[in-house]
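In the block that follows, a single chain appears as structure tokens, in the form predicted on its own.
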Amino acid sequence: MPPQAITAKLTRRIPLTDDVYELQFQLLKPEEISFIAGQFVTIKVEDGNPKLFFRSYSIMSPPSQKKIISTCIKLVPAGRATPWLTTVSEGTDISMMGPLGKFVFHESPNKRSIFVATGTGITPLRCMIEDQLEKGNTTDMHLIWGFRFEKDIFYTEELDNLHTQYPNFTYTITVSRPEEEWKGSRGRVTDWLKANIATPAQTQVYICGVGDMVTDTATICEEIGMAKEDIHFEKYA
């Protein structure tokens, strides 16, 4: 599907942690769009700076919600896009272009799907997971989601609800610098992969996060025996 110009109204900005926000947009023109789970939109930043600037954000809402777009962003104080998006008034019209991107799910009924994210890298993966579950995919799907500190964790209630509704979906949150009281998984997402991928030939993986994590994770997946064609990833700057 070719990208198109989109005008959408920012309807809600939900703080999830000290520096992570969920943004919800109501489509105005067109009133609905079609896209493939995992794709993104490019937002025009209109912060008063005369120099044109655009920033891409993965779509988190599943394709079944054709009239809205939601995404998840982390505030980068030195940047242009997130300081604007975290302060612009709700009700403001936002210009976008989309859908774009080739980081999409590949149906494979005989393989387990592992989704690997750090921080806001959850955004396209949650879209993929919800889309596949809504479509009736009953294969084993597991999300491994990494954080540095416990205070950075969000969306646990939403993930618990998904697991309750769709038992073939499970998830693990791992913390690399946990407090002593932390009872969950410890370490990096790569540590979890090394310890838990028992059948690499029957596993496909989808990875999203900052560049170094994505590169390291993809390398480890290949080293433990996964086929290159089963390793899919998207890097966030």
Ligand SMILES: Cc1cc2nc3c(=O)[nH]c(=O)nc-3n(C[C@H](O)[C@H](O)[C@H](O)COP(=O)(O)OP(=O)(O)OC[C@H]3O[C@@H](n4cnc5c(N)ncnc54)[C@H](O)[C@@H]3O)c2cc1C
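What you see is a predicted model, and the numbers here were worked out from it, not measured in a lab. When you see a residue number, it is the position in the sequence shown, counting from 1.
Same protein, other form: the form predicted together with this ligand, not shown, and the subject of what follows.
**Student:** With the cut-off set at 4.5 Å between non-hydrogen atoms, does Ile153 touch this ligand in the predicted complex?
**Tutor:** Contact with this ligand, no.
**Student:** In the predicted complex, is there a heavy atom of this ligand that lies within 4.5 Å of any heavy atom of Lys111, even though the partner is absent here?
**Tutor:** Contact check for Lys111: no, nothing within 4.5 Å of this ligand in the predicted complex.
**Student:** Given that the partner is absent here, does Val116 sit within 4.5 Å of this ligand in the predicted complex, heavy atoms only?
**Tutor:** Looking in the predicted complex, residue contacts with this ligand do not include Val116, since no heavy atom lies within 4.5 Å.
**Student:** Is Ala81 close enough to touch this ligand in the predicted complex, meaning at least one heavy atom pair within 4.5 Å?
**Tutor:** Contact check for Ala81: yes, within 4.5 Å of this ligand in the predicted complex.
**Student:** Using heavy atoms and a 4.5 Å cut-off, decide whether Val76, Thr120 and Lys235 all contact this ligand in the predicted complex.
**Tutor:** The answer is yes; Val76, Thr120 and Lys235 each reach this ligand.
**Student:** Taking 4.5 angstroms as the heavy atom distance cut-off, pick the stretch from 29 to 37, 196 to 204, 64 to 72, 172 to 180 that is near this ligand in the predicted complex.
**Tutor:** Partner-contacting stretch among the options: 64 to 72.
**Student:** Quick one: which residues from 37 to 69 get a non-hydrogen atom within 4.5 Å of this ligand in the predicted complex?
**Tutor:** In sequence order, Phe40, Phe53, Arg55, Ser56, Tyr57, Ser58 come within 4.5 Å of the partner.
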